[in-house]
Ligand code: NAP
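Consider the single chain below, provided in structure tokens and representing the form predicted alone.
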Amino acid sequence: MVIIGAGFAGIGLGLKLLERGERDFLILDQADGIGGPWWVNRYPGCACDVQSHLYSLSFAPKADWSRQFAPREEIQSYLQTIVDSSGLRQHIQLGTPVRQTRWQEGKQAWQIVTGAGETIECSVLVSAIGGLSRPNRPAIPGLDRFAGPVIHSQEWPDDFDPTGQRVAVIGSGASAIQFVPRIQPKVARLDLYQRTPQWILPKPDRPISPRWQTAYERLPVLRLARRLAIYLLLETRLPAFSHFPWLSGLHRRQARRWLERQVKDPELRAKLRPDYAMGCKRVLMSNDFYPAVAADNCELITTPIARLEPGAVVDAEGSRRAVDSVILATGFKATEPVPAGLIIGRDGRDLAEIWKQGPMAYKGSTVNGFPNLFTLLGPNTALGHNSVLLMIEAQIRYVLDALDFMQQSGTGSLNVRLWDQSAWNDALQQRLARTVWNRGGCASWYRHPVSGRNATLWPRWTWRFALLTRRFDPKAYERKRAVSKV
């Protein structure tokens, strides 16, 4: 097996393979360190928006989280510790971009070509790259001719210091609300270009005292109880998003009061007030974003950008604002997670082409025409209400059960039937059509920009997904006997 990606999904699967006594597998990652997004995202203030005790693998618990919502550095350190203590490091090859993978029907194997030209063959290929791995760079005229630094939030250089600069931030979503408060006190001026305001709630973050850390370590039942309490709290948010938007009324009022409390200027407050249903975009949490935007050296600009000049941003009304640096907080290509030419399946079909109207898979895990390929955190496995690690763990169980079936039955290749894949996705889209994510009156990264199909979210309970993937279901697959190998 070859696993692409050394984030939570790849590391989690690797741990489970070691636990089963498997040793013939390799994890490849183009980055120079462990952690996936928690390695590459280094912008100031980067942290998780899911509580720490639930944003961790159930089979690799951590008792001494420092805060309710862990910062990036602590999450990356957690994954690094898991790798070092388990012996998994010897199965990981870092600094190894994958240039192409191609299915070879006669061999019932995947051929992998790395960026260095190395060729690897494996029986099973697992894509653990996730949906938030490809930065989305907006098509703004003149962006490539800007004279100063143009930085995407995911590619924040360690040596970038905006102190004293005039900075333009394009985008006001999940990453911007974390780094804007960190750079605003340092910069000479901050121009924040906002396309759509966000629903923002207070973030109930605080340190976890050493006393509680010790208690969680000595009494694991307390840690498990805390994890269960967080899970149940987050899971109860689903009905407001999936069927009954009126249930979010309390949180809408809380968000509006938070805006009114932190922003006194009525004109600015109006620009920051969302006019779409709560949950249509990901609900954000921050205690310091609004004060940063309301600061004297910050201007919130809602007029669309017309172009960039070598030293300025020009908006659609012709206003020209001189800037030294541009920071792109424009998110990721979540509905285009696989670049063209990366995964080539049966009959030379390119997965990027198959997915040009949005990703589609069976149980978020397998794709017709791509035998022995499994995707972790694949299409429609992201969540708008709970910890995505719950979905990853369910998929890991599904993959391991599939491996058991292949070994016990002498199966050389598995290819999900097109009918089963289509039926699964048709049912998903019918459910999604009724949700706030599809009907909330906003444009979001959850939906494909051309087809409009929601190819990202799981619209049901997380326990339901775990139940549906608890066992591999061979009846949904075309199977071929293993070829003899000399």
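Just so it is clear, the model here is predicted, and its values are computed rather than measured. When you see a residue number, it is the position in the sequence shown, counting from 1.
The following text describes the form predicted together with this ligand, which does not appear among the structures shown.
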**Message:** Taking a heavy atom within 4.5 Å as contact, would all three of Pro202, Pro274 and Met278 count as contacting this ligand in the model of the complex?
**Reply:** no
**Message:** Quick check for you: of 356-364, 325-333, 239-247, 102-110, which stretch puts a non-hydrogen atom within 4.5 Å of this ligand in the model of the complex?
**Reply:** 325-333
**Complete:** Partner-free chain; cross-checking this ligand in the model of the complex, the single residue of Gly173, Gly345, Pro71, Gly412 with a heavy atom within 4.5 Å is Gly173
**Message:** My question is simply whether Thr196 lines the interface with this ligand in the model of the complex - judged by any non-hydrogen atom within 4.5 Å.
**Reply:** yes
**Distance check, Leu132 to this ligand in the model of the complex, heavy atom within 4.5 Å** = yes
**Request:** Answer for Asn136 alone: is it within 4.5 Å of this ligand in the model of the complex, judged on heavy atom distances?
**Result:** yes
**Asked** Wondering, does Asn380 line up within 4.5 Å of this ligand in the model of the complex on heavy atoms?
**Response** no
**Message:** Just to make sure I understand: among 34-50, which residues lie within 4.5 Å of this ligand in the model of the complex, judging by heavy atoms?
**Reply:** Trp38, Tyr43, Ala47, Cys48, Asp49
